[in-house]
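A single chain, nothing else alongside it, follows as structure tokens in the form predicted alone.
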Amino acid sequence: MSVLVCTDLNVRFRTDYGEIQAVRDFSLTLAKGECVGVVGESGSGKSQTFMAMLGLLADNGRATGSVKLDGQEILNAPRSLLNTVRGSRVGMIFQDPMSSLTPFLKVGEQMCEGLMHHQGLSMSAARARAMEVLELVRIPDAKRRFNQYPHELSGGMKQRVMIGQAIMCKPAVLVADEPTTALDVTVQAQILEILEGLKAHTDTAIVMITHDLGVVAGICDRVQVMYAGRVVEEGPIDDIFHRTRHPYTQGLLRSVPGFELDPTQPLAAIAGQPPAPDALPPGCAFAPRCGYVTPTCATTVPPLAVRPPAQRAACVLEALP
């Protein structure tokens, strides 16, 4: 059963230089208990897509299309409705916990606030639930951490607190925006293990926003690859990794270090830079960086077409070498 259905989402921003389209025709269907990875370089539109869904765009931004949560339209919904959705039916983990946690409030106060607001719990009931969640996200000595301020916690602990806050009200959808950025590899693995456990033992649907395909390899069921504001490839995780259909996805995979990496050879990189959103080329946005470019690519924007058995790709090539 689908819990979140996004159709033809477009996001635009008004600037001094005119209107910029940051997200183009984004669609997503998310089922209960499913984890979908949204992958792409910085500036590809990943975060703005989900900020738009939840009504968190900057004042100069606007979104069109449709976003339905359990059948209810939430795109551009009144603030009163969105305030009940955010933190209750949809939880969000941000990439920088220090800027997302209130520095002058104790951890426990921040965790209990959402429960008291959304579910009307008493302070004692909210505290009991918060302690339960702190243990669930593997915060050691949870009782002591409950009464500490964010600056007294390590980066990994702050990120665990963010995860705890996001799941306090047992949301239907959890959006994790670069949840392992700036953490060392050991803590990254622990954070991903927590999210895997959540996926395995609840019906919560998870969206993993990241620039790193390696992060989604062990947790996601499907992947959507974004470039210059558009989805250029999507499909089951195994197909994306082993039967890549778009040159950009191929480039991302080649740039991921592996255990068999030859230290004497430079890491593969995608040549060039992504285009600015206000200066997209007339055809395929990836054409200036693509090693398989054809004359058609320079003039035609390829549609996101079905590629059997279960993928879609926006490329004129039927298959990659």
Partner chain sequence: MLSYILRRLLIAIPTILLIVVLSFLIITAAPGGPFDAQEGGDIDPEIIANLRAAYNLDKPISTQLFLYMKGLVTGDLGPSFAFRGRSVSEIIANGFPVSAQLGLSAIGVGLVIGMLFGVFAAMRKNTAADYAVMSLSMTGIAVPTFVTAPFLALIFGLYLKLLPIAGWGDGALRNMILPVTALALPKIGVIARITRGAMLEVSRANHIRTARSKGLPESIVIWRHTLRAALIPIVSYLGPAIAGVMTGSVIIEQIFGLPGIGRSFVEGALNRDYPVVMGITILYATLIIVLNLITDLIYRVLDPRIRKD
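Residue numbers count along the first chain shown, from 1. This is a predicted model, so every value here is computed, not measured.
Just so it is clear, the following notes concern the form predicted together with the partner chain, a form of the same protein that is not shown.
The stretch that touches the partner chain in the predicted complex, counting heavy atoms within 4.5 Å, is 52-60, out of 284-292, 35-43, 22-30, 52-60.
Put simply, of 193, 73, 238, 113 only one has a heavy atom within 4.5 Å of the partner chain in the predicted complex, and it is 113.
When you look in the predicted complex, the only residue of 162, 226, 207, 130 with a non-hydrogen atom within 4.5 Å of the partner chain is 162. The closest heavy atom approach of residue 144 to the partner chain in the predicted complex falls outside 4.5 Å. Put simply, residue 79 is close to the partner chain in the predicted complex: some heavy atom of it is within 4.5 Å. Within 4.5 Å of some heavy atom of the partner chain in the predicted complex lies at least one heavy atom of residue 99. Contact check for residue 105: a non-hydrogen atom falls within 4.5 Å of the partner chain in the predicted complex.
Contact annotation for 118-151: residues with any non-hydrogen atom within 4.5 angstroms of the partner chain in the predicted complex are 118, 149, 151, listed in sequence order.
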